[in-house]
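In what follows, one protein chain appears twice in different forms, each by itself as structure tokens: structure 1 and structure 2.
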Structure 1
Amino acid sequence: MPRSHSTHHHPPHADDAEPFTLEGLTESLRSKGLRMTGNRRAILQVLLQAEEPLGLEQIQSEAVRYARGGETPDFATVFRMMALLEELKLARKVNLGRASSFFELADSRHHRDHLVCTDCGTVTPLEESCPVETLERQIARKHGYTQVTHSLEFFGRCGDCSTGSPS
């Protein structure tokens, strides 16, 4: 069994109450036999900092800040890392109505519902507390599902995009 440096002995699970940290996430990966690398640490730090969902390219380019030597991880590396985090339920793909995918960490610190302008693409994370969180449990029980999460996005035209073209 792996010895643990951490003070607490409960590895962060997808729906843990406490916020994700670099240490906790590292331990989550380690416990699965996965390795912590410079690339992964950089990517996780980008995600931990993020105030809104990020695309793969954004993650890649912002990772430079956290990588020694200022080298960007390969795009495929970012892709595989996000696929991995998604698989482990540590990150979620967010639907912003765009062609490419956007991601956010799967904890309550990072989960937001969003308002997206269908015209200019502006993404506004909603401050209001998530209105359907309590529904998750009800739906899970009623339909016999486990590990229920959700995706809630609002789409519309922002003020700037409305002025001018009446549509």
Structure 2
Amino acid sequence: MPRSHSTHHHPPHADDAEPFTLEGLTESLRSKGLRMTGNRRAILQVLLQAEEPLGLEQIQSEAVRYARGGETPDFATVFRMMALLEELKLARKVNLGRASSFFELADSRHHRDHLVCTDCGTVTPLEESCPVETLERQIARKHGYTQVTHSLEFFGRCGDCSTGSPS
């Protein structure tokens, strides 16, 4: 499913002329002199369809659905692509309180905070207005920063894990 559309939370990046679509992301990579391979396209499609942050192995296994001609990315390719997207500020790591890394697109127009169950690991993207948005703008102004972003995750026990057990 497509990512939900929530309100704008961050100052626009210089590259925000194009929305976070496959075409826009492809153009962003090409403008940096990078070739668009089938593996890169498949990884981008996975990230565009993701409803929650994904681990590297999840991205790799989902990319199979978008692979052309049997070409599927290996783990090293996914790792390198996510590092590249992170460096280009097109993706960001999300802290889910786990040992492995999780990623999502860093589209400031679709910023999401997360609620994570500490028992089963369920991740719920929060659609509510971000409680840190005003503070973020104040911090940016006070310190003279631009393009300030944040990552906010809440941790607790989901309703299923809480049922019948003490809190």
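Rigid core here is just the name for the largest C-alpha set that superposes within 1.5 Å across the two forms. Everything quoted here is computed from the prediction, not taken from an experiment. All residue numbers here follow the sequence of structure 1, with the first residue given the number 1.
- For the form predicted together with a further copy of the same chain, the corresponding chain is the one labelled structure 1.
- In the core-superposed comparison between structures 1 and 2, Glu62 has its Cα shifted by less than 2 Å.
- When two forms of a protein are overlaid on their rigid core, residues whose CA moves 2 Å or more are considered shifted, and Arg98 is not one of them between structures 1 and 2.
- Positional change of Arg137 between structures 1 and 2 reaches 2 Å or more at the C-alpha, relative to the superposed core.
- In the core-aligned comparison between structures 1 and 2, the Cα atom of Thr72 sits 2.7 Å away from its counterpart.
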